[in-house]
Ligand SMILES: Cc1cc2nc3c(=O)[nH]c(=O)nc-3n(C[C@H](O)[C@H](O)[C@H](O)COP(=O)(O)OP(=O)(O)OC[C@H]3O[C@@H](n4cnc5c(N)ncnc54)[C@H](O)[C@@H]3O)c2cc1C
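Here we start with a single chain on its own, the form predicted on its own, put down as structure tokens.
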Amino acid sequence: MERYDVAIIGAGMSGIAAGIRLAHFGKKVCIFERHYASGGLNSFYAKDGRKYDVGLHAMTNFTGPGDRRAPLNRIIRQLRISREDLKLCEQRGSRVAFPGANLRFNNEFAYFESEIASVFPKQIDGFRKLVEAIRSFDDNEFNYAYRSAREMVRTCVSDPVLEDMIFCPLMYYGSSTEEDMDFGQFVIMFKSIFFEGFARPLEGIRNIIRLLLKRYRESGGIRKMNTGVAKIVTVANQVDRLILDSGEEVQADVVLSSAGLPETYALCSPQPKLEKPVSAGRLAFAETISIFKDQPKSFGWGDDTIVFFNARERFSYREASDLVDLTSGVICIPNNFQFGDEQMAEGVVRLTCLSNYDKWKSYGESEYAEQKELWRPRIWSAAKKFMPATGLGYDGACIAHDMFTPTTVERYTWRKQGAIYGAPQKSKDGTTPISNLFICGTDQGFLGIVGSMLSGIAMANTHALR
């Protein structure tokens, strides 16, 4: 039976980052991935000769090289990769769009602050008080106590529209709970989006995956694709062995799982005894990806990189009651990063809205396809209301498209109910009731691409290297 120092379940961002870190220190480490492609929730696929990114709209946490404590610079240092090889290009500028109000932001926090002073002049002092509370919060401590972010924000900001406009991008980019957030998670997301910012390589997620896998191979790590873990066998409160989908058995001193908290517990035999039940998340998304022959700027959509929109009087972040909730969402235009002289060959517009897993799951194959064709133009029509007016007709100008739903996410990532941000319950320190089994990635609590890599590094450092 093959034995490893560390076995990692899942070749997503956190799993690969953990593997690199462990291999650097001479650990015999193997990543087991059920899918044929690496990247997990941030990957890509090919259709009709085109590559489509999934997950990645933008990398958050973009900072320059000067701040050594910034998450991006910490992962560059600890994974021993170069900033130049990441090939990150900053956003042009993004926007939170509500009825009658727009807040613009870019990668300079002072600009966002000036926008709030202009749009909500009576709220600027309260907003600055909130910023001070965010700066003083120690988000490097894993096991901080829960505190309602909504309640905390309301001690500083009294305008409900501004409150909702602050929460909208943070929730869409990282909340696994409905209507509210743990203040610690709020701080992490606020810093990653507003203090730091958005960036992206011209090639998208493929460049990042390729770079990480190259570093992992160079460090001596082992990766087994199309090789899922079917069961985690425990004896005396410790992982004894892993049984793979093929029936093969392997052993490891430490197991790191990026499969998700409820998904990992479901693999365990016998099931661990938990103080509180862990349930799969209910928040899931539907997304359309539309390809155009021309650049988006040619039809007036050249200024915004990402738009977070809401059509209601109050923003509501919860499981959709219908197949898709058209009243809020995210418009991402990858062309609108500052790529310099190079440009993407075609125009791309990605539209993301809250969805309902159970309703999508209830359809048979033909009905499912029919519903996707029905909802795709509806999502487009809802999003267009928050972009500059254009005579662009979707069907006439769109040369290729695709759409994925919560069931797509579940099928290709094995995340229960297609919950991209995982379970509402997080294991902030990565521990489980099983002494040598640890969680990394989304359900450890760090979110986004940089956050996922940082989670893998932190859990490897804490549980396998110390």
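The first residue of the sequence shown is number 1, and the count goes up from there. Because the structure is a prediction, the values reported are computed rather than measured.
There is another form of the same protein, the form predicted together with this ligand; it is not shown, and what comes next is about it.
S.K.: I'd like to check something about F438: if you look in the predicted bound form, is any of its heavy atoms closer than or equal to 4.5 Å to a heavy atom of this ligand?
M.R.: Although this ligand is absent here, F438 would stay clear of it in the predicted bound form, with no heavy atoms inside 4.5 Å.
S.K.: Although the partner isn't part of this model, could you tell me whether V54 comes within 4.5 Å of this ligand in the predicted bound form, counting any heavy atom of the residue?
M.R.: Answer yes; at least one heavy atom of V54 falls within 4.5 Å of this ligand in the predicted bound form.
S.K.: With heavy atoms only and a cut-off of 4.5 Å, decide whether I449 touches this ligand in the predicted bound form.
M.R.: Although this ligand is absent here, I449 would touch it in the predicted bound form, with heavy atoms inside 4.5 Å.
S.K.: Is I20 one of the residues lying within 4.5 Å of this ligand in the predicted bound form, judged by heavy atom distances?
M.R.: Contact check for I20: no, nothing within 4.5 Å of this ligand in the predicted bound form.
S.K.: Just to confirm the contact call: exactly one of 62 to 70, 44 to 52, 428 to 436, 413 to 421 touches this ligand in the predicted bound form at a 4.5 Å heavy atom cutoff, so which is it?
M.R.: Within 4.5 Å of the partner lies stretch 413 to 421.
S.K.: Which one of Q78, N207, T227, N102 is close to this ligand in the predicted bound form, taking close to mean a heavy atom within 4.5 Å?
M.R.: Of the listed residues, the single hit is T227.
S.K.: For the three residues S14, G39 and A58, verify that every one has a non-hydrogen atom within 4.5 Å of this ligand in the predicted bound form; reply yes or no.
M.R.: Yes, the whole trio is in contact, each within 4.5 Å by some heavy atom.
S.K.: Using the arrangement in the predicted bound form, list in sequence order the residues of 256 to 282 with any heavy atom within 4.5 angstroms of this ligand.
M.R.: In sequence order, S258, A259, L267 come within 4.5 Å of the partner.
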